[in-house]
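Presented as structure tokens, the chain that follows is alone, the form predicted alone.
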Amino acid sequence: MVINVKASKSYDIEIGRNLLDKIGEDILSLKSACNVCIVSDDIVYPLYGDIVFKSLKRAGYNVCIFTIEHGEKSKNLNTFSEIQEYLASQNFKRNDLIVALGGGVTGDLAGFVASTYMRGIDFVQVPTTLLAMIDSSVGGKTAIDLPNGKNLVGTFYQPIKVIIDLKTLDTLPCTEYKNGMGEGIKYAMLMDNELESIVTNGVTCSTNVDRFVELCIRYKKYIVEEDEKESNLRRLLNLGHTFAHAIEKLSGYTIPHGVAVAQGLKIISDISIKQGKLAQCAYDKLQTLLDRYDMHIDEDYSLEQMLEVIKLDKKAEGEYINVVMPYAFGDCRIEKIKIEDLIK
């Protein structure tokens, strides 16, 4: 299956199984033989790096590898600089290519490197986690973290292709699968259509996952095509994220992104129902989904702790912050709220 995204750069998202072995010939249809750097992590590369490396070599590419330590801790300025210097040492030029093989950290980091090296070189997203497949690999957001907060340095930079091999989900740990479903519940609340039904019925690596991934991507494609640079509509995708990023930061990134998003959904739904906005039936349905996918955490952070992080969030504007407020499944609205009113 191929889904085309028409943004500032038009590109295809290919979804299927056993796609990694032919990745070289797929990319060759877009870009002639050149230098390629596979950026991956120390968990994903041993699983799939050799397949990708050999496929690219067969297609005539000159291939090198940069492996990072897995986890959010690698998404920083130091690793960014190390990859830039490595590309220069390998004599990479403007017509060369980066292949991001891995989860969201790898894709965000490699994409940011691609967007800035020699003012921009091509890159291909090859997400291997459920979270990266439905979220970070699509839409062109690239970023790294600063000590003050998550994704504070980044660009909007579209890949030339996204290749989603669902076969890689066969090796995905349960914790990472749960991580993806945190974002999946968010999409279900935004859409309230077939996707909400699929999430309610249950998504596993062998049940409903193909259609689940497709529907999430089709929704994100629509959002990105309407508002690529997040000036308005794309902000809907931040549902649950105001508190999620604070939770991630306060946990030292031991709480993964998708689980933090689920917690952010819980908090904003609590606020919405107290304000008389969210219908009780929708609130109950959301809690059922959070329970079904075991999205509860033991850590409990105070309002004061979270607000210190929220004030540094990209969504904050002086005394105000943009939040996505749920009213019902399929009815979520972007609202600008005074931070002191959020406290109340």
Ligand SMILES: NC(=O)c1ccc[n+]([C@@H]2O[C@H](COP(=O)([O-])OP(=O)(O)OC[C@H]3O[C@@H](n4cnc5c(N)ncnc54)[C@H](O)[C@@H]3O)[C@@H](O)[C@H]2O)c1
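Since we're looking at a predicted model, the values are computed, not measured. Counting begins at 1, following the sequence as shown.
Omitted here: the form predicted in complex with this ligand. The next part is about that form.
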Arg292 within 4.5 Å of this ligand in the predicted complex, heavy atoms: no
Ile297 within 4.5 Å of this ligand in the predicted complex, heavy atoms: no
Non-hydrogen atom contact Asp108 with this ligand in the predicted complex at 4.5 angstroms: yes
4.5 Å heavy atom contact, Glu82 to this ligand in the predicted complex: no
Among the candidates Thr168, Gln158, Thr242, Gln263, the residue which, in the predicted complex, approaches this ligand to within 4.5 Å (heavy atoms): Thr168
Heavy atom within 4.5 Å of this ligand in the predicted complex - residue from Gly252, Gly202, Gly120, Pro173: Pro173
Proximity to this ligand in the predicted complex (heavy atom, within 4.5 Å), stretch among 210-218, 135-143, 85-93, 189-197: 135-143
Residues in 71-105 with any heavy atom within 4.5 Å of this ligand in the predicted complex: Gly71, Glu72, Lys75, Gly103, Gly104, Val105
